[in-house]
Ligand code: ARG
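In the block that follows, a single chain appears as structure tokens, in the form predicted alone.
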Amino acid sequence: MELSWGRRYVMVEPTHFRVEYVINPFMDPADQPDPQLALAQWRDLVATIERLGGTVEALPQRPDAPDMVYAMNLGLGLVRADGAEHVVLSHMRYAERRMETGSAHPWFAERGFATSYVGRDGVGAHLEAGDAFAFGDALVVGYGPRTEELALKHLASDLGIRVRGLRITHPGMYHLDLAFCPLDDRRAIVCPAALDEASAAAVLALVPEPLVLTEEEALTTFCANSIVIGRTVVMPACPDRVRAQLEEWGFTVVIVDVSEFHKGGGSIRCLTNPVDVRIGRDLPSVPGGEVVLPPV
């Protein structure tokens, strides 16, 4: 069964996108994105999403927040069981990005979203929403480089859901969205090399039919950093082997070039934040919450 979420996205127009500092292995201030090309690529991505039946709402980018264009990390957008919209705002690991929520918070609130943080007023634990995906019976959350393990406990108890943690150990796949992409209720693109041994085993056990990427495929093509709208996978690139498997499963692959954004360490998923995951439909309600971690 195809994903029931991934049709409503929040994005940030790249009017101030640049590489100003280094917080991941892809960033090099000597290799700056072309502003006009980046904007054209972003607009092509928006048009593709809308052509496929999705919707996009865009925030303006703060001049002092060059990474804000990676909207996936603004917060975890959800629809509660009673229909109320809610976003758990990120508390970024690096101070260079923390001002982004200063603009995201009022923007979401003005549109009727309840807003919250994990922990105490957003300082109790680091959470970056690019580490979190609804899949199977849980919110699957990567932790380690950016999101802290403590955040998983808060997410589970605050939202009343099950959270399955995966420990990320690869420096180049610092967010789970670089190594994990749900495709439907049984399938996902996964790169076990992003994880420690126990978590790699856990994710392969979790996904009934995984499309397993090599480390090289994940790092050189960003192909796990894709989005799915119905039976269409919108990807920045797609190795022939990966395309063949996706098409065998009945998916259509659409390529959108967002290579200027790879210079900042993100791709299509990083640029798009789905806010239509529903508790009770996509995430089972679990009274009191529950955290499931891989064995140590």
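If you're wondering where the values come from, they're calculated on a predicted model, not measured in any experiment. Residue numbers here begin at 1 and follow the sequence given.
We do not show the form predicted together with the named molecule, though everything after this point is about it.
> Within 4.5 Å, heavy atoms only, which of Gly54, Pro236, Gly265, Pro33 is in contact with the named molecule in the predicted bound form?
Selected residue: Gly265.
> Of the options Arg97, His86, His154, Arg167, which one has a non-hydrogen atom that comes within 4.5 Å of the named molecule in the predicted bound form?
It is Arg97 that has a heavy atom within 4.5 Å of the partner.
> For the three residues Ile23, Asp67 and Arg146, verify that every one has a non-hydrogen atom within 4.5 Å of the named molecule in the predicted bound form; reply yes or no.
Per the other structure, all of Ile23, Asp67 and Arg146 touch the named molecule.
> Does the named molecule come within 4.5 Å of any heavy atom of Val140 in the predicted bound form?
Residue-level check for Val140: no, no contact with the named molecule.
> Is there a non-hydrogen atom of Asn73 within 4.5 angstroms of a non-hydrogen atom of the named molecule in the predicted bound form?
Flag for Asn73 set to yes.
> Counting only non-hydrogen atoms and a 4.5 angstroms cut-off, does Met27 reach the named molecule in the predicted bound form?
Although the named molecule is absent here, Met27 would touch it in the predicted bound form, with heavy atoms inside 4.5 Å.
> Any chance Cys270 has a heavy atom within 4.5 Å of the named molecule in the predicted bound form?
Yes, contact at 4.5 Å.
> For the chain seen here without its partner, which of 106-114, 174-182, 207-215, 159-167 has a heavy atom within 4.5 Å of the named molecule in the predicted bound form?
Of the options, only 174-182 has residues within 4.5 Å of the partner.
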